[in-house]
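In structure tokens, one chain follows: the form predicted on its own.
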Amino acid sequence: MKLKSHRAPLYEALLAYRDSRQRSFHVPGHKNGQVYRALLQKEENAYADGQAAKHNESHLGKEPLEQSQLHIVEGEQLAAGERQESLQDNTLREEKDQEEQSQPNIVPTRAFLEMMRLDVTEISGTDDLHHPEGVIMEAQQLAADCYGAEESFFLVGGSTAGNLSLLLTVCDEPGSIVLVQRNVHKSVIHGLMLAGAKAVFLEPWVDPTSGLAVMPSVKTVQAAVQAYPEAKGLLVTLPNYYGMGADLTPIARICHEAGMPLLVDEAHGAHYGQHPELPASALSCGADGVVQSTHKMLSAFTMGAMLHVQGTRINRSLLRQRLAMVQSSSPSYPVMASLDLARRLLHVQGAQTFTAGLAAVSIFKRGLAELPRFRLLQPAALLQQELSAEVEPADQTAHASAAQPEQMHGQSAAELGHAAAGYTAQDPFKAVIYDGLGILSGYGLQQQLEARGCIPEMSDEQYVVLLFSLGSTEEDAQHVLLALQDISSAFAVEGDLLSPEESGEHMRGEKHYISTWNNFQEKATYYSEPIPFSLQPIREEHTIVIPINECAGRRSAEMVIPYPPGIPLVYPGEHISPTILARIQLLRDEGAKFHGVTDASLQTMKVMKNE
């Protein structure tokens, strides 16, 4: 079958069903929105009747006055009686209106009702996600063609469903060892628990300029693969929540030489590889299984994601079974149709899909350069390229020599060379900014932006992540620039910005900078011993709740997850180091929100009783 990229077969099938106006004798129970449509019609009729009554009253109100003038003598008492009755009627009507206003409106808008016409189930013509033979199969084949995969699967449970299914596939027996980047999303941990796997956690490489963890270095991966050749695969996250990353190709090569698949949580990189200014995709670097949140950086509905596979290292028959286990047997057709449409937009327009969004980013970066207080996180090599592009060729060497220390926060040449190896790619749509004065924390800057109508993706103690996309506009960029200018004026202080060296030291200082993304331990080893995971719960009688400042050295009985981005700092059964405890307390004091903990205020923690 020849694929036609301009088609959106699943979406078109839903439109055809809507337009057929067939009688529904199947689920869902709202019957294409019919349950509300009758109520809406009743509400509209009541409104029309009310308007007509008001119109009649306006004319009737004049009539008695004219009649009383014509029949003053014989009608005085009658007119007075009518006026009294009219007053009583008005009082009753007002009481009824007040009673109706006090009742909640139970009828959704027409726009929502129209969407309900597309909310169908597995019937003739709409196919079945778990056994696709028609429009869903064609839509997934088109997705594979668009993204460069051998096979693609629609996910209606976000990237979470993809991570769970991949781990349940490669960990095909209890106790399977899998190599896992330490700072992964909680869905990966849940996948390890479901699989009953043993995780060898690999410490992520930390960018010395920003202090942020990216992914494990090639050296770390090589050492872990050699130490555990029996591992069923390696799972890494790229890009991280800040849009930072590096080339996956050498890591894929190491895995393949050892006969194990490379699995990539590329939730924030569904757009990668689709434009020359965007980083390469994980698939193009050789990854075997890749999970993407199509709803995050492209145009699908929330919860819409995809899983792409290639090669023979993943058992696809088992993968289909696992997908059926972790996904609903009644998937959302509007969500799947939005995946179909997101793919078609990209397939037909190609790189032009991102033209407007990248233009908005460019406007923002130019405007930010005129606000020296606020700085932008970028790889060292990219900063150097931008600096070189701003000067005449004859002056490039001298300018780079003079400007590099200022732009690189005082990093040495050796440090910069090392940084280039681990942080070489930055998603241009993730504008990561911070206060160069060191006065406003990331949380504080986010609050100020929100007060001015700009809602960031996330913040930590240092940074704010502004997420642009293919849907961003020039007006968006101008709005946030005006907000930053206003914040700068509102928080003006005497003196100049911190020197680049001071700014760099401040960013890396132990007193302040903690990221919700960083949860690595400060130790010499690059990878852990195999840590067993299971679904067996920790029994309450084996736990105790104690003040958090007494938790160092104790084994945690709960998972501590700053959210966003959902990267666990501590796992159940793991010893709480003084370093990690300090991070938890600092994030708490700076206003971070936490999942997985019994005490949301984190004044106490649940730990294991001393054995």
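This one's a predicted model, so the numbers in the text were calculated from it and none came from an experiment. Heads up: residue numbers just count along the shown sequence, starting at 1.
Unshown form predicted together with a small molecule; subsequent notes refer to it.
Student: Counting only non-hydrogen atoms, which stretch in 327-335, 156-164, 247-255, 172-180 is within 4.5 Å of the small molecule in the predicted bound form?
Tutor: After filtering at 4.5 Å, what remains is 156-164.
Student: Using heavy atoms and a 4.5 Å cut-off, decide whether S187, H268 and K296 all contact the small molecule in the predicted bound form.
Tutor: Per the other structure, all of S187, H268 and K296 touch the small molecule.
Student: In the predicted bound form, which of the listed residues (T237, S210, Q140, Q462) lies with a heavy atom within 4.5 Å of the small molecule?
Tutor: Checking each option against the small molecule in the predicted bound form, the one that comes within 4.5 Å is T237.
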